[in-house]
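Below, in structure tokens: the form predicted on its own, a single chain.
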Amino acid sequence: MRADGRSADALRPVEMLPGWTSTAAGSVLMKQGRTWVLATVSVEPRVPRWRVRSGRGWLTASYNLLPGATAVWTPRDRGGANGRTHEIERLVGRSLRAAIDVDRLPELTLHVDCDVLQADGGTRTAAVTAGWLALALALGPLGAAGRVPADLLCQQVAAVSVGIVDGRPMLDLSYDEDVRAETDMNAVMTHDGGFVELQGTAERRVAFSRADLDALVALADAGARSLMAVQTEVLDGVEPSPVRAALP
């Protein structure tokens, strides 16, 4: 048993609360243990300069760790995002662009903004999972209004962390487990079992084996499917849901 009583293959308690804000096109407050992420989707009627007059839109993501999200105060990125923030933003953006047919998006920009209200490990993976659900919730009304194709969403996406801690493969690492991990990995997966991204690193100069990799991938697959089940349950409770109807 782990410090919080979970088995090695168990997620932390997960709650996804839709419609958390009234002004964004789509929003979700995701609670995964003591990690809380607010994801919102906004629409801007223009595109980046390199996309102008292409007839095609774009999806971009931002990530922000609020100053009080951790026990140690962290200043805001007022001078521009740091390297870690840029890395996470690129991960979230790539993951969510893989969920839609970007080339069929009209000439507008979908902004997916992920703010970490409280951090206890797995913030980037929670941002991907919450961001996808906020995007799906936004695309339903946008499709019904004719602003985007109704079938723009083509993949369900969720992400989860896994790692080897004290010699054992574990799912959904909390912060105290993450800092002790011999291997740390983040997996972004689709509903058909594909990988959008797999980030794995051997920490503490201890290499991981092929057997370790297989065990971690199996844990990630099971964890991502459980998160997708929660996403689907939320979408099923939102009426009407043309986006949900397009998914398998």
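Residue indices: 1-based, along the sequence shown. Since the model is a prediction, treat every value here as computed from it, not as a measurement.
The same protein also exists as the form predicted together with another copy of the chain; that form is not shown, yet it is the one meant from here on.
- Checking L142, I100, I164, L135 against another copy of the chain in the predicted complex, a heavy atom within 4.5 Å turns up for just one residue: I100.
- In the predicted complex, none of the heavy atoms of M170 sits within 4.5 Å of a heavy atom of another copy of the chain.
- Contact check for V196: a non-hydrogen atom falls within 4.5 Å of another copy of the chain in the predicted complex.
- In the predicted complex, at least one heavy atom of G200 sits within 4.5 Å of another copy of the chain.
- Among residues of the shown chain, T70 is one whose heavy atoms approach another copy of the chain to within 4.5 Å in the predicted complex.
- For the three residues R76, C114 and L213, a heavy atom within 4.5 Å of another copy of the chain turns up in the predicted complex in every case.
- Residues are counted as partner-facing when one of their heavy atoms sits within 4.5 Å of another copy of the chain in the predicted complex; in 156 to 176 not one qualifies.
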